[in-house]
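Encoded as structure tokens, the following chain is the form predicted on its own, with no partner shown.
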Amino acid sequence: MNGQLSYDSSETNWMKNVIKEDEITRYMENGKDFIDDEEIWKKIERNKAPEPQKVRDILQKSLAVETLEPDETAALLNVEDEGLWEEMFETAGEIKRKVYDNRIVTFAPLYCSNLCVNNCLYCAFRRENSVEKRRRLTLQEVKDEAEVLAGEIGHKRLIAVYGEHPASDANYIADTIRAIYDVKVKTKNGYGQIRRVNVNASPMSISDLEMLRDVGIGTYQVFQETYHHETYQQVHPAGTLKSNYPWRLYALHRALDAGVDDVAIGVLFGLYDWRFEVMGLLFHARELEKRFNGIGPHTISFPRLEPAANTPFTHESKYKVSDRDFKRLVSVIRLSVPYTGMIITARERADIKKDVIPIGCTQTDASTRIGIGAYSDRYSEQEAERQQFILGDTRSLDEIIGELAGMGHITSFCTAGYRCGRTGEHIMKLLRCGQEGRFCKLNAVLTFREWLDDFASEETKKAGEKIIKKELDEIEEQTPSIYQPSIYPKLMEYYKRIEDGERDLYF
């Protein structure tokens, strides 16, 4: 950063009131946060060259859907034998199927504003980046974006993304959530509507989060970016809101205290050593579980650092993660926090996603555009000056669903659990015992049938119907051993009603 950033008076006054010190210190123990850099490195060093039997014992614990201890995760990170890594990949995939079955959830990011008071070295949205084209969507423009996503592409859930700025504060976020939920668009056979609005935004106060809870926020996602204190300070220059490490670290504590049931953590891999960051994610998950009656992260994200317009840091980092290590870190996250959802994003190339999804991923974005107003503006190429970074996978939702079907995955558009109260502590219990997957299997079939009829190309529809037949046969076979005898007839009734044009039927 060249000198002190310049802010106008309205920005300065707003920034003075964002951070609430008492909403940091109340969560600390003896004035310290829960990430001890030295302790993490000691655990990584202490668990070098683990015995194969020790590793296999740890895998059995993961299969029981139990969160690992830090020393156990450190042991996994230190595995060197390629054959043992293959066992870890296989076990990670088995856990994913045990907890989530063969479902993949899709979503789209909707960037509402790239105005930002921060100056993060790795981000094209940073304040001093003069080449970035700045914009905040009006509420009508937000609706226009949602209409394309819901009415033309067929998404049922979004993650709305905002820069940290007074023009995109909690009031604006609340207004955009309402605007998105208001959209209802006629489609080929039914209607398109966004049923779940997740939010990726800056850390907020408890009172602001209570307001978002009341307007129906889905999952609240805040990435620590890096858990390493020194690196955090280096990439988030002093004098910015984001330079306050503990304010960000305890963002999800405040959300849970505000009654936002589902929270999500993540790391931007490439800022610091990937092994340390995996340990940081585990410590964060365990801290949430300890504080909030077993409620851990609803999802964990693991994006890699990607090039961004006029952002030299993205090319210079010495901690970039190779494809080999990326697959390893994904598997260790799945093994360490076995109940959590795992999001692989369009930052990754299509071939990487295809390789990594079977070992633990449960969600991916599709038809992704990350420029402000990019869906309704309909420009075809990536424009670096309009977006936060360069995408690796720009395929359509239809193409991605077709590929997933070929891999044996059913794409689920289900949001029923959230509307039925299967959130927070409730969903954590269901995930740990494998019951959530049973509910979601039924709703995945119904929502996939809905999407195929309303949006799919003929080729994708054929591939999807093969998966649906397989799922229906499996559900029938599992009745009454797993499902109550009344479930299958009810499922087939709903299925027929959806084929006849009804929408949004669920268990």
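Since we're looking at a predicted model, the values are computed, not measured. In case it trips you up, residue 1 is the first one in the sequence shown, and so on.
The same protein has a further form, the form predicted together with S-adenosylmethionine (SAM), not shown here; the description that follows concerns it.
Can all three of 363, 439 and 448 be found with a heavy atom no more than 4.5 Å from S-adenosylmethionine (SAM) in the model of the complex?
No: no residue has a heavy atom within 4.5 Å of the partner.
Choose from 257 to 265, 183 to 191, 118 to 126, 325 to 333 the stretch whose residues reach within 4.5 Å of S-adenosylmethionine (SAM) in the model of the complex, heavy atoms counted.
This holds for exactly one stretch, 118 to 126.
Ok, 299, 200, 231, 376: which has a heavy atom sitting within 4.5 Å of S-adenosylmethionine (SAM) in the model of the complex?
By the 4.5 Å criterion, the partner-contacting residue is 200.
S-adenosylmethionine (SAM): the contacting residue among 173, 342, 161, 346 in the model of the complex [heavy atom, 4.5 Å]
Only one listed residue qualifies here, and that residue is 161.
is_contact(residue 308, S-adenosylmethionine (SAM)) in the model of the complex, heavy atom dist at most 4.5 Å:
Yes, residue 308 sits close enough to S-adenosylmethionine (SAM) in the model of the complex that at least one of its heavy atoms falls within 4.5 Å.
Give a yes or no for residue 85: in the model of the complex, does one of its heavy atoms lie within 4.5 Å of a heavy atom belonging to S-adenosylmethionine (SAM)?
Outside the cut-off, so no.
Can you check whether residue 245 is within 4.5 Å of S-adenosylmethionine (SAM) in the model of the complex, heavy atom basis?
So residue 245 does not count as contacting S-adenosylmethionine (SAM).
Would you please decide whether residue 223 lies within 4.5 angstroms of S-adenosylmethionine (SAM) in the model of the complex, comparing each non-hydrogen atom pair?
Yes, residue 223 sits close enough to S-adenosylmethionine (SAM) in the model of the complex that at least one of its heavy atoms falls within 4.5 Å.
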